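Take a look at this single chain in structure tokens; it is the form predicted alone.
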Amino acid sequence: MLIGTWNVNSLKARLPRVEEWLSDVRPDVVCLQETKLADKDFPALLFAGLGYEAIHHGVNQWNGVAILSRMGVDRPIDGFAPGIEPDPDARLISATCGGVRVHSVYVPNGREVGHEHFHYKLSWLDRLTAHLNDTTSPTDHVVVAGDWNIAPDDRDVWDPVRFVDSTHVTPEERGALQKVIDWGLIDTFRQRYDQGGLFSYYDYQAGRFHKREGMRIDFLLASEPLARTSFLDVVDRNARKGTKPSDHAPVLAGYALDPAHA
């Protein structure tokens, strides 16, 4: 099973790129973030024509998350599970696809250290762990994929000195991410690749992409039973090239599952 995640930075603006990528790569499941669409504007019929059942959680022109699946979509949940403080933004959607519980996440940016949005980011990650506790188990096949807006360690930014006292790299953010991981998730990409310079996000400014000055903030975390079957982790850097790309590249993970018997 091939599962991808991609912050498309406006699905309306990037739709031709997404269609092309789906046709070329043909992942089984894709988590999208920052669609910037309300549900009524989401092109579910277009994705159906490409062979994907699609679900979307969006309320306006900001945020927005989706799951596209060729393996079916069961037990969808928009946002956090009932009983958890609701999120005012559309940043989380979950469903079971081919026997894997898939969560598409768009973690808040945080804006500035100490800003109220920074504390919202930390709280959001705590609620994500509660959501996982309420909806699934670390002993199940689980993927939590998306734009985390956190670089897990200094290998995941192009120049750690440039990020001192900035969001995405603070001990508080990395600690909050580690709590999610400690629920029972594994960063198989980092298990497979030890080196730095493997980035998923490049700012549009200052020629960052061509200078390879980026960050690894988009990744898939897998439960241990699923991670045991991992055979592929890759950033599709080619999808960051060309005309009107997203500032994020898609990230893909492969798991040696037979979807018919997952």
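Note that the structure is predicted; figures quoted are calculated from it, not measured. Residue numbers here begin at 1 and follow the sequence given.
What comes next is about the form predicted together with the DNA, which does not appear here.
For the options E34, D233, D28, D218, the one in contact with the DNA in the predicted complex, meaning a heavy atom within 4.5 Å, is E34.
In the predicted complex, none of the heavy atoms of Y193 sits within 4.5 Å of a heavy atom of the DNA. Residue contact with the DNA in the predicted complex: F209 places no heavy atom within 4.5 Å of it. For the chain shown alone, F189 is not a contact residue for the DNA in the predicted complex, no non-hydrogen atom being within 4.5 angstroms. Using a 4.5 angstroms threshold between heavy atoms, S123 stays clear of the DNA in the predicted complex. Residue heavy atoms within 4.5 Å of the DNA in the predicted complex occur in exactly one stretch of 199-207, 64-72, 42-50, 224-232, and that stretch is 199-207. Contacts with the DNA in the predicted complex, taken as any heavy atom within 4.5 Å, map within 1-20 to N9, S10, K12, A13, R14.
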